[in-house]
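A single chain, nothing else alongside it, follows as structure tokens in the form predicted on its own.
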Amino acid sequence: MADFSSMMEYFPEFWEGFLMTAEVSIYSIMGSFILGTIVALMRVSGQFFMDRLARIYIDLFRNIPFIVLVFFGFYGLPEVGVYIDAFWTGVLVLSFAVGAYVAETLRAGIMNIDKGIIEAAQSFGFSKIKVYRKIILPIALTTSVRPLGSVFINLILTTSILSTITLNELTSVSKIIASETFRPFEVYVFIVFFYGVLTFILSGLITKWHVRLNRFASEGA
């Protein structure tokens, strides 16, 4: 019979695992968004070399299993003298891997923008950088923000693989507690709860971001 009261003494361990998962997720979301934005802009730059380079990056990181990238970063790179701890291996691998999906999502948003809007901005003498920063990216985000939310939620769920490189995130902590208590049911109910909290918070933030970006469209409706 389930006995959740026996889990309360392990709450500090669960909480530390939760914080570690949250920290890795926050850094990785920031990293993947920055990388994805740069790559998306390279894809729509109209320059052959930049577009080709961006395509290679996207194809590379979308076609290699995430766990292979993690093992390569944590166990492979030290063989050639590059040592990165488990935390930053996770952040870097997640940022590069998820950045490929962010790039394609943002590129789709940019491609949907009416070219007349861009031409109008250029006719006012705006520089290309200013057009992208002030007009193209904000408009692209109004349609891309919800798909990006799904990408980032998958990123949070993927952090569980980092338990394979000794990072004490939620899944790793739960495995240890389950082996000590022999109560896997209660342990995994806790882990479902904590992952649910993280994804619920992110979903709420994405919804607020979507509402803010589309506030002018709502007012005009």
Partner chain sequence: MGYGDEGFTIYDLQLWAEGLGITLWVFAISMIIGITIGIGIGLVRYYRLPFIGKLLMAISEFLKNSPVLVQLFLVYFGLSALLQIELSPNQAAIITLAANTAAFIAVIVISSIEAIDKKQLEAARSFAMDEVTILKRIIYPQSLAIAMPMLVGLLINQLQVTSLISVIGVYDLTRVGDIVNQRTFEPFIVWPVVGLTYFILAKIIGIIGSKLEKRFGSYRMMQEV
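Owing to the predicted nature of the structure, the values given are computational and were not obtained by experimental measurement. Numbering follows the first chain given and starts at 1. Throughout, rigid core stands for the largest set of C-alpha atoms superposing within 1.5 Å between the two forms.
Keep in mind that the form predicted in complex with its partner chain is not shown, yet the notes after this line are about it.
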Response to the item:
Heavy atom within 4.5 Å of its partner chain in the predicted complex, from candidates 67, 26, 53, 34, belongs to 67
Worksheet item: Among 102-110, 115-123, 77-85, 137-145, which stretch has residues with heavy atoms no more than 4.5 Å from its partner chain in the predicted complex?
Response: 77-85
Discussion item. Please determine whether each residue of 30, 201 and 208 possesses a non-hydrogen atom within 4.5 angstroms of its partner chain in the predicted complex.
Written reply: no
Worksheet entry | Close approach of residue 47 to its partner chain in the predicted complex, 4.5 Å, heavy atom | no
Discussion item. So, residue 168 and its partner chain: in the predicted complex, are they within 4.5 Å at any heavy atom pair?
Written reply: no
Practice prompt. Mark residue 181 yes when one of its heavy atoms lies within 4.5 Å of a heavy atom of its partner chain in the predicted complex, and no otherwise.
Written response: no
Worksheet item: Should residue 42 be classed as touching its partner chain in the predicted complex when contacts are defined as heavy atoms within 4.5 Å?
Response: no
Discussion item. Need the contact residues for 48-73: heavy atom within 4.5 Å of its partner chain in the predicted complex, sequence order, or none if there are none.
Written reply: 59, 60, 62, 63, 64, 65, 67, 68, 71, 72
Worksheet entry | Rigid core fit then residue 114 CA moved by 2 Å or more between this form and the one not shown | no
